[in-house]
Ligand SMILES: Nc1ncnc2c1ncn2[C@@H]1O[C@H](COP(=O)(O)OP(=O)(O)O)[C@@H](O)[C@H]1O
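Below, in structure tokens: the form predicted on its own, a single chain.
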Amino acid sequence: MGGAHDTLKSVDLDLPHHTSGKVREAWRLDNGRRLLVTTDRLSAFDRIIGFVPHKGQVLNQLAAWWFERTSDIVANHVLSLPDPNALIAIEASTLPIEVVVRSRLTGSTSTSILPRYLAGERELYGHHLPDGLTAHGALPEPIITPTTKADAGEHDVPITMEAVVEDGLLEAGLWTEVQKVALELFARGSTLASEAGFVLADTKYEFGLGADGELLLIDEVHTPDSSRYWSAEGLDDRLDAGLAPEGFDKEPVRLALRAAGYSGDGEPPALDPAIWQQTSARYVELYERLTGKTFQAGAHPIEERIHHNLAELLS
């Protein structure tokens, strides 16, 4: 694996109730709290491909910035950020669906709408899409395309808007509230992204219920790991020329893997260190343009700093 220089691959904390995800390590704390540490791991093809300098810090701090700027729309799980890579959050009961909002006809995975539209489908996730839409072009209006939440190692499964209630995943009133909130969040995200020179093509939201039953926005929000950001500058010209949009995420890694002929089978090829630095620079640039702040990298070694900043929790 590449990009391992000066990165947080994992973190070992002397705390019980530990779970590990693709990017985050989590521990259940007392008093209805949860500790989340965001690493620099980068996943593609449903596996960890490598490590991107500063990625975890960017994701953690950018999500916190967005949580703060959307708290008037819906409450969220943030309690504090004791470290640039760490978040203490409210322990929530996670809702059993991924809420994906899309404003563009794009994507390449089995849950994306572009491949299915190009194959002739017009009824997608309970929405009717008109003829004449173009690849990566704008949809008539943003739409919600829900999927089930897969178990580890499994894939999310698309479901229709109606099936969320019909299959008993959510009660009708709660699903109505989730839809309203998701579209308001996406509108806020699109506006602030546009002001920074980006198009927010799509994003994924996760919701949970607090101990009192309050709807909470959890996990992360509007980060380059959960969202597709495109450069607005020159976008129409690129699309007119049949080119893909310029994305601000792990695109350099994805392109390098594709150029090496890798599609997820076997050990990933070693990539030029410059690829990992280019990817890191994209994450940092996105953070700085969205927030208007200069990115300040946390002290190194990262794991030593995390232990120091979490000393009170660990004692």
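Just so you know, these numbers come straight off a predicted model, no measurement behind them. Residue positions are given as counts along the sequence shown, with the first one as 1.
Below, we turn to the form predicted together with the named molecule, even though it does not appear here.
For the marked spot (24, 36 and 77), a heavy atom within 4.5 Å of the named molecule in the predicted complex is present in each of the three residues. With the named molecule left out of view, the stretch that reaches within 4.5 Å of it through heavy atoms in the predicted complex is, among 121-129, 140-148, 217-225, 190-198, 217-225. Contact annotation: residue 94 falls within 4.5 Å of the named molecule in the predicted complex, judged by heavy atom distances. Not displayed here, the named molecule is kept clear of residue 181 by more than 4.5 Å at the level of heavy atoms in the predicted complex.
Of the heavy atoms in residue 101, none are within 4.5 Å of the named molecule in the predicted complex. Within this chain, residue 89 lines the site of the named molecule in the predicted complex, having a heavy atom no more than 4.5 Å away.
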